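Here you get one chain, nothing else, as structure tokens; it is the form predicted alone.
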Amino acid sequence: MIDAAGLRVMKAIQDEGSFTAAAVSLGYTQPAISQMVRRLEQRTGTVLVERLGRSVRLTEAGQVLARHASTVLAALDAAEEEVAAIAGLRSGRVRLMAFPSSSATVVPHALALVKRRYPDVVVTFTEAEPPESLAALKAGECDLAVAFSYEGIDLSEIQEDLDSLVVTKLLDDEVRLALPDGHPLADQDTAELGALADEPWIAGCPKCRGHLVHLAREAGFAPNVAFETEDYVAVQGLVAEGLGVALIPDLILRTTHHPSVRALQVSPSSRREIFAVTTPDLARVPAVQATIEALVEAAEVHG
């Protein structure tokens, strides 16, 4: 096997014309150069250097190695510089996936922090709900996922996946009950979920619908889901027009709140946990770690 050190020795011998001069140029001893040449000849199975008194001359095989050395060593030097840039956060790429409601709040703030602190680190972003983002992370299709689970409901369903990953908690997000102005309960601060058993409901993503069904079951009824949309702006529009009621996380209400929608505390209360997830190996990549730190900082602002 030909290594980089052997190639450097062959090029130095060609350039300097002797073992002694090659040793001086590389900072080695003359015996070390001789030993490296012998090792390289053993590995290649042929003579690489012809000794002529006090001078040496490369054989045809030695000249081939010296000729290719410049290109190979230049490529290695470039690779080392790129890796050093990534390690030093002078470069790097992070593929981030996050669920939609975080992409309007925590994620933009975090991306702005990364851009300001590390201008040459590129973070690409794709929206995906937690089942898809965690699957993409395990498949190597992203480097970092922002996901969520509803308290006491579905965390156990994804715990097996999370056990093999690095999980950083970002925040707890309270879930509110959204009612239209004029609803009989709209003037209350808190509403019992069971009091809304006969209302039409507007459900969001599959996990959010599962959360609604679970809470309703605990309250003694099966919700009549009249509309389904993952767009929380559309959810609030439907609620505002009196077409149904809904559960909406605080994270959404802090940034987009329809003026004709009342947000109440719901009893029993519920919240979801939002976290950043990556693999153990990627967690050691400086650009990934920097993005996680930015997400934590952004979550403190939006939590």
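Quick caveat, the model's predicted, so the values are computed rather than measured. Numbers for residues come from their place in the sequence shown, where the first is 1. Here the rigid core means the biggest group of C-alpha atoms that line up within 1.5 Å when the two forms are laid on top of each other.
Only in words, not in the display: the form predicted together with the DNA, which the text now covers.
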query	finding
Residue (of S34, S260, T255, S267) lying close to the DNA in the predicted complex, criterion heavy atoms within 4.5 Å	S34
Output flag, G220, N224 and F227 jointly within 4.5 Å of the DNA in the predicted complex, heavy atom basis	no
Non-hydrogen atom contact Q14 with the DNA in the predicted complex at 4.5 angstroms	no
Interface membership of E297, the DNA in the predicted complex, 4.5 Å heavy atom rule	no
Touches the DNA in the predicted complex: G45 (any heavy atom, 4.5 Å)	no
Touches the DNA in the predicted complex: F275 (any heavy atom, 4.5 Å)	no
Residue stretch of 247-255, 232-240, 65-73, 22-30 approaching the DNA in the predicted complex, non-hydrogen atom distance within 4.5 Å	22-30
Stretch 41-64 - residues with a heavy atom within 4.5 Å of the DNA in the predicted complex	R43, R51, G53, R54, V56
Rigid core superposed: A283 CA moves 2 Å or more between the shown form and the other one	no
Threshold 2 Å Cα movement between the shown form and the other one for E16, core superposed	yes
A234 C-alpha relocation of at least 2 Å between the shown form and the other one, rigid core basis	no
